[in-house]
Structures are given as C-alpha cells and as structure tokens.
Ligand SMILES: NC(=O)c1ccc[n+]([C@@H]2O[C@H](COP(=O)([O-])OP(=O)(O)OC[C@H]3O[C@@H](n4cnc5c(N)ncnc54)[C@H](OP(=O)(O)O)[C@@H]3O)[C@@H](O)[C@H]2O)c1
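In the form predicted alone, a lone chain appears below as structure tokens.
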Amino acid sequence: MSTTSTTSTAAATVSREIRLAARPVGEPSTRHFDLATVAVPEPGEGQILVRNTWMSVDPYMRGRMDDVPSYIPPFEVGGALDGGAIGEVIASRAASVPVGSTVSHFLGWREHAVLDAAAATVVDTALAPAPAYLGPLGTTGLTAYAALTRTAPVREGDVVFVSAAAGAVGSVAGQVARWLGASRVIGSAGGPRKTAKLLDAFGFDAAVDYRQGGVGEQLAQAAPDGVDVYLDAVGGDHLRAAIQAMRPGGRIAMVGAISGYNATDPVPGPDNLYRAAFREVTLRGMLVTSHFDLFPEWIGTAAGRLADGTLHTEQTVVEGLENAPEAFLAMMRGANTGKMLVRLDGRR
C-alpha cells in the first residue's frame, strides 16, 4: 500500500483515508490500496463533521472493486473507499445532530467525514456499545433477521443450515433460527477452532468443517432427514450441498457467494438445480437494503437479548486505519470470528 498526500485551502482538519489504487484481477492485495493524507473542509449548512471511531469491512466490498454493473456503484480508482462507520460528531451545522452525538453512516475508510446530517443516524450508546451498531445491531444483524423471517422464513420445527456460520451474519443467524422455532441448527465454518465455537458459543447443534472433507457428505450426516431452510453466504459447494439436502418446499436465502468473489472466470452454478425444481424449493436473492423497514423491529428484539447475553456475538478488531486493507483481506480469507472491525481512534 502506497502513501499519497493532497491539500485544500478550505481545510478544517487534516485526516487520512484509504483509496483504491488499482482494480484487482483475482485476489486483491495491499498494493491495491493507497493511504492518503487529506484536508477535510468545514461542514456546510445542514452538514456534520464526524471523527470516525470504528469502521466495518465486509465481503460485498470486494465486488465494488470491480468495474461491473451491480446493485451499488463500484469504487473509483484513485477515490476513497466507503462503507459502514461509527463516529462522534465534532462539528455540526444541523440542529438535528448536535456536537457530541454518536452516529452511524456510510463514509468509512477515513478518519474524518463531512456529510449531510440526513445521511447519518444517531445511535444510542446507552442501549449498546457503539461497535454493536456495525455488527449485531447493524446491517449484518439485520441481514440474518430479514433472511430468516422474510426471504426464507423459518417455521416451527424446521432444520436450518447456515453457511459462514462463525462470521458476522452467520453467527447471529443461527441464534435467530432458534428463536424462530428451529428444531435443529447446523452451521459451516473452516477449521476446528471455529467449528468448536459454533457449538460452544453460538448454540449450533452441529458443525460442518468445510476444510475437512466434502460439505455434502458432512451435511448429510448432520441432517440425515434433510434441511428446510438454508442461509447461503458462500455459494459453490455449499449451495450444491444444501440443494441436495433440501426437503420438499425448502427455502434458500441467497445473501452472498464469497467463494466466487475473487474468481477470474464465470463461476458455474450447481449441477443439481433440477433437484430444487422437483422438490419445489425456493431460491431467493436478498439485499439487506430492501429490508431497512425492519430495523426498528430488529433492534427492539436484539438489543435486549444482547444486553442479557441471550444473543452472543463476537468481534475481531484490527487497530488503525492504515491496517484496514489487511483487515479486509483477512476477512476475505476467513480469519475473523464474528464481525471484523477496525478501530480508528485507539479507544474502546
């Protein structure tokens, strides 16, 4: 990762940001990022200046590094990246968001951000710690909830399979499935440490270690009578295995496909799709942005459970903006348990 510097006569604060240096082909590396020093202007009318304290790195960001049409615009080469962040308002020209407020917003990958007050959400740090609003009380938690209540609804007695189950979405989804009445919850993860975590910390009934043999064979052992609901964040062999295991009328929520995000050629689909047809299985894609109306309901449900410990979450924290690219790359390799976060100010 290289370092550049720019200046501005309108500067109020000197800050740093991470930029996209080049578009990767295949797996990205630190050379695809730049660390730049910039001058942040004073906020205009209706705007706020935020000192970011936490930022999120997420799998969907890999797709934005490619210049291809998608549901969200790609990152620009030479421009600052963005994504979920939490910070403290240190200057405000908006009465609705006073100085001292803690807000969530979408201008991460930088130490300071100037944005319209309407683009920020004030969060209640008395209800939950600030980083929780990037994880269980943020879009990752909402993804798990919306997937299992709307996209592939869990019914009483269902057997549920969750991929990437030790990650930010999956670790919450397994617990949500149980609240919704699932009789058995199975998760996949990579390696003995993570699979043990699924059973001991996150409350799964069985764990599939995708690094130790075929996913399909292990899933058949864990769910000999089949699966009713599958939350797919992986694609590839996991999706094939889930289709093979689906009971008649099964539901699949397709929230991601991280196994193919670094592919340089088109990724083939499962070779057993006809099984989904004759078992009348529903495969439905999902964007969390289509379910923001559920946020109040989800936070109302999750915050209390988070406080009393009945919702168990974990986070993997990397220190410093300069290490955000490595945090992203490590998350893409599956190095995190729970939510991968970058702490920007050195304080908890």
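Note that the coordinates shown come from a computational prediction; the quantities given were computed from them, not determined experimentally. Note that residue numbering follows the sequence shown and begins at 1.
Same protein, other form: the form predicted together with this ligand, not shown, and the subject of what follows.
Residue 138 falls outside the set of residues with a heavy atom inside 4.5 Å of this ligand in the model of the complex. By the criterion of a heavy atom within 4.5 Å, residue 28 is excluded from the residues contacting this ligand in the model of the complex.
Contact between residue 90 and this ligand in the model of the complex is not found at the 4.5 Å heavy atom cutoff. Of the heavy atoms in residue 155, none are within 4.5 Å of this ligand in the model of the complex. 258 is the sole member of 258, 176, 123, 117 with a non-hydrogen atom lying within 4.5 angstroms of this ligand in the model of the complex. Residue-level contacts in the model of the complex: of 133, 145, 210, 75, one residue has a heavy atom within 4.5 Å of this ligand, and it is 210. Comparing 220-228, 163-171, 244-252, 269-277 against this ligand in the model of the complex, the single stretch with non-hydrogen atoms within 4.5 angstroms of it is 163-171. The three residues 83, 128 and 302 each lack any heavy atom within 4.5 Å of this ligand in the model of the complex.
If you take 230-252 and check each residue for a heavy atom within 4.5 Å of this ligand in the model of the complex, you get 233, 234, 238, in sequence order.
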